[in-house]
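Take a look at this single chain in structure tokens; it is the form predicted on its own.
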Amino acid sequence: MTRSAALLPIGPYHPAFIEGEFLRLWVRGERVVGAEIKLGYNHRGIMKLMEQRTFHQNIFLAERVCGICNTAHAICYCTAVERLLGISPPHRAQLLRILLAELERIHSHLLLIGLVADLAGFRTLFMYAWKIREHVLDAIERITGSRRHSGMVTIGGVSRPVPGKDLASARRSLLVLAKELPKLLSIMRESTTLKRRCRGVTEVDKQTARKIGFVGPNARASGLKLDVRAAEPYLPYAELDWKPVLGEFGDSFERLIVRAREAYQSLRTALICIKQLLSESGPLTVEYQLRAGEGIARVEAPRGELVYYLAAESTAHPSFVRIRTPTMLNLSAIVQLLPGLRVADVPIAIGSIDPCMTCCDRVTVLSAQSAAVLARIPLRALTTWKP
């Protein structure tokens, strides 16, 4: 960086980072003057594996890209295949997909709030967030039979029906959670510890958030109305009286508050889905015949915009698969914001964007100079939509 700056390596394995990553910081005293992050420690070659397996086998692989947001990956992959085939899932199957996606969003947000609270030294909030997270995991288990990897989403719909008694049982768990989420939000807003550690750290206004490439809750915390659920109707969210949650200050504290508010909104959406599913019936899948072609899909994963692109020259398996995860954009953006921070604030800043290094391992090095360029390499059909 400069001769007067000292190099401070963090990682690839460090208590502040749950997953493997290597962060190089150039510091003068306690201030960061340059940053660079090296990924690749979790690379598993999933995109290449998808090009060697059948369309149906790849659903299993898509769910294993990320253990936290596996339903979002399955929905995005299956939607891309469905667009390649020119089919649309039945309405009841789409409601089940929304239900599973929103329950997963709640789980992901509560997990992140707990982790950042732990990084900030607020262990009580960490315990409380993970305690109430059990209610949504119980609901997921009652609906799918598994707390995390459900295996419910399939090409053309969902793989199996959900009995009414299981939906009613899940609703009871969610009603308990509905009483706890306002308490969580109140604790966060009144916490002196959380405010002192997070308020003002990596504050980003709306224009800057758009420029550096924030997506998901990180963009919405800066007031940027950027949500694939509103921009592209891949599922019928418009029927559920839904709208994006927006913040104002765009700092690490606001990003946590937006996620807590989104969790409450997702809970409301999930309860509406359960009510509709209990009152209507219909098919869960459609028949299809594989063919050559290409398909692209975008969904709003818990961390932001997730993209799958695939092309097939035959009906045996995809010949080309590319995945762009939201952490690719968010991490490249946050690296540009680290200069100027105190060293002690770096884990808070990175944690506040909810990174998933396992999903993100696509390039070798992200630096403040090259990150934005690398993150904006467009997929073939992605440039048709602008926020």
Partner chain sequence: MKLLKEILRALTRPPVTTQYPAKPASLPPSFRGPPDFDDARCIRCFACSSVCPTGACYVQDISDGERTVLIIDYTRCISCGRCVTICPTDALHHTREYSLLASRKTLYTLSSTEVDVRFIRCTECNQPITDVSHIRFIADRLSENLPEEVRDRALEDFKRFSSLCPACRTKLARKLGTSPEKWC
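Quick caveat, the model's predicted, so the values are computed rather than measured. Residue numbers count along the first chain shown, from 1.
Omitted from view is the form predicted together with its partner chain, to which the following refers.
Q: Tell me whether Thr144, Asp166 and Lys183, taken together, all sit within 4.5 Å of its partner chain in the predicted complex, counting heavy atoms only.
A: Checking in the predicted complex: Thr144, Asp166 and Lys183 are all within 4.5 Å of its partner chain.
Q: Under a 4.5 angstroms heavy atom criterion, identify the one residue in Arg31, Arg64, Arg44, Arg322 near its partner chain in the predicted complex.
A: Contact check passes for Arg64.
Q: Just one of Arg189, Arg171, Lys131, Lys206 has a heavy atom within 4.5 Å of its partner chain in the predicted complex. Which one?
A: The residue from Arg189, Arg171, Lys131, Lys206 that makes the contact is Lys131.
Q: Heavy atoms within 4.5 Å of its partner chain in the predicted complex: which stretch in 307 to 315, 120 to 128, 293 to 301, 84 to 92 meets that?
A: Going through the listed ranges, the match is 120 to 128.
Q: Taking heavy atoms only, is Thr79 within 4.5 angstroms of its partner chain in the predicted complex?
A: No, Thr79 is distant from the partner.
Q: Is Ser150 a contact residue for its partner chain in the predicted complex, using a 4.5 Å heavy atom cut-off?
A: Heavy-atom contact with its partner chain at 4.5 Å: present for Ser150.
Q: Give a yes/no on whether Arg53 approaches its partner chain to within 4.5 Å in the predicted complex, heavy atoms considered.
A: Flag for Arg53 set to yes.
Q: Using the partner position in the predicted complex, report whether Arg160 sits within 4.5 Å of its partner chain, counting heavy atoms only.
A: Residue-level check for Arg160: yes, a contact with its partner chain.
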